[in-house]
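Below sits a lone chain in structure tokens, taken as the form predicted alone.
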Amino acid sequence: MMDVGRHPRIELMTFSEVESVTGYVGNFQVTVRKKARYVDASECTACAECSKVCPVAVPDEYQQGFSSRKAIYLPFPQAVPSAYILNMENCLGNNPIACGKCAEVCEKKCINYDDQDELVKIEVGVIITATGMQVYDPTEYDEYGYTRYENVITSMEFERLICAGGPTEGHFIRPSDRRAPQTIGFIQCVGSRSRDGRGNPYCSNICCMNTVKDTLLLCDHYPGIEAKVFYMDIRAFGKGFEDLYMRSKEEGVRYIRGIPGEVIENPDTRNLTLTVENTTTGRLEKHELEMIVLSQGVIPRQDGDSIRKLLTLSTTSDGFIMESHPKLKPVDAPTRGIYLAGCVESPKDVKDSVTQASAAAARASILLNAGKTKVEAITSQIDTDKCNYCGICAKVCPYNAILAPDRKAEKAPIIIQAACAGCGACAAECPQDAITMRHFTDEQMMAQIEAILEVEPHKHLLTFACNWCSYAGGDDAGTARLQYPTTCRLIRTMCSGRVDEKFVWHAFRLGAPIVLVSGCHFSDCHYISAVRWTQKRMDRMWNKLDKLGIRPERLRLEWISAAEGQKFAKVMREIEDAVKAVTTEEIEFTMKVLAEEEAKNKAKKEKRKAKAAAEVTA
């Protein structure tokens, strides 16, 4: 970080946060709020005289609350810039000034109680998101006694206690009596791999090896100490990790397979009794320990929603930011021009974070050096003659690629081609059919439907498949040689959000027994939130079918990912039976009802046009 601060081509904005992000790839406008430090960082020499006279003492967040800090303080020893900062929430006040001692002793006159936040606007070509993660708070695991028993700490608190720059200068002690413990237990997967309503179902990746490292530190610093690790599985898959694990065992650390069920404290000695079922021996064991360390998992940042909204990103089911493609574009966000690095994308250790950061920097440099960006020719375009300035397209677009129209000025919406990803949700929702998707036009889609249903339509299952998930799931089923009915006919769309209602009605009017719309799972949508519009559209169509006396079950919706080839084949086999169950009379009734409905709609449109023409003439 110090090297970054010294670099002539890097502007490091500390104690700042991003307020807003507008624009698109190559032309982002970012507004940054530089928060008031109340100390001039360019003049401060970190002499600490101000901190010595400050009468306020509050828990030090950096030291996990094991020591205190003043209202004016250095955030941490390696802080850049190396300057003090005044926290006004802790200060005795500056309006009026109730103390002012720090300003009085500052020889450089660095302290300014009237300092204000500053908004800075910058223009950038690309954005790399590296906002990191947070650690899980294990308080809800009440059986372990965290916050009730002083000698039950977390792995983060362990790090501060054993660190040379920590509150005890590296002398590892029990918080209750400040003496070195002789028996220590580590409980793994606290907040990870949990499905009981607490914690998270995913593996936090770093916890196992962090505990292995901690046990080695203890054995090196305190020979003869007894350490026990209680675990589900030890996941040591990185380079050299297995060697560290075996070295820990050789040092005498006991690894007991089983997650403890209860921790009880002896009020006299403050020692802890831990009860665990050893799944290796099949016995219930009790262990007497002087201290317990909870190896807590990691979670997405709590302000992740604001970050996601700022950059129009999407998240996976675990809350971390979703990449464009897990294999082909692991550092690209779905929004073009935005890249991901580190634990914002998933839990990972330092080596993997550095690797991903290097990849993100390389991807960004390629785009910046090119000076221009190529977009796939599947973007949308607006016919201004048909547009009635309703603004639905701008509301639907998950990338904010459509500038909203101005009805009063009769200014049509504008599509930013560089930002458009071609999902087609805007075209499907446009009530005036004023939007055309290149290479996926309405005429092309209608022609495919007609070709599929031209001969024996009652035998075919018409399926609209999302390019990134469902269509790829069909490929997966094919390459795996999975058997499913040959009557399935696929129409590829870039996203299920492209499936217009008129496509479905046209298929039913031509005699389709069942129409299947298939797309990504909500958490896997390649186009951020376009799949949610698919759901809303399907709900409308199901309601309409019910009103027209047509079975809604004949319109199916399935979420199938690219890796779910087996599910694809299974769904096709299930629907094949439903296709056979649709009678000829039912199909003819549907064709008749929808033909009458189409005629009514055409008559209404002609009437509206005639009325509008009469008003113009008048």
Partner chain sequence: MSDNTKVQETEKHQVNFAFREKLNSIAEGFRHNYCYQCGACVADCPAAYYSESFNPRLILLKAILGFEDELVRPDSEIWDCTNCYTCSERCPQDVRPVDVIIALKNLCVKEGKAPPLVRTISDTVLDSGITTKVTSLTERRRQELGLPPVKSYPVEDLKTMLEGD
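Residue numbers count along the first chain shown, from 1. Keep in mind the model is a prediction, meaning the values are calculated, not measured.
Same protein, other form: the form predicted together with the partner chain, not shown, and the subject of what follows.
The stretch from 336-344, 196-204, 77-85, 245-253 that comes within 4.5 Å of the partner chain in the predicted complex, counting heavy atoms only, is 196-204. Contact annotation: Ala98 falls outside 4.5 Å of the partner chain in the predicted complex, judged by heavy atom distances. Put simply, Val276 is close to the partner chain in the predicted complex: some heavy atom of it is within 4.5 Å. Proximity of Leu284 to the partner chain in the predicted complex: non-hydrogen atoms within 4.5 Å are present. Residue contact with the partner chain in the predicted complex: Lys502 places no heavy atom within 4.5 Å of it. Residue in contact with the partner chain in the predicted complex (any heavy atom within 4.5 Å), chosen from Val135, Cys390, Ile259, Leu217: Ile259.
Residue in contact with the partner chain in the predicted complex (any heavy atom within 4.5 Å), chosen from Met232, Val375, Ala357, Val105: Met232.
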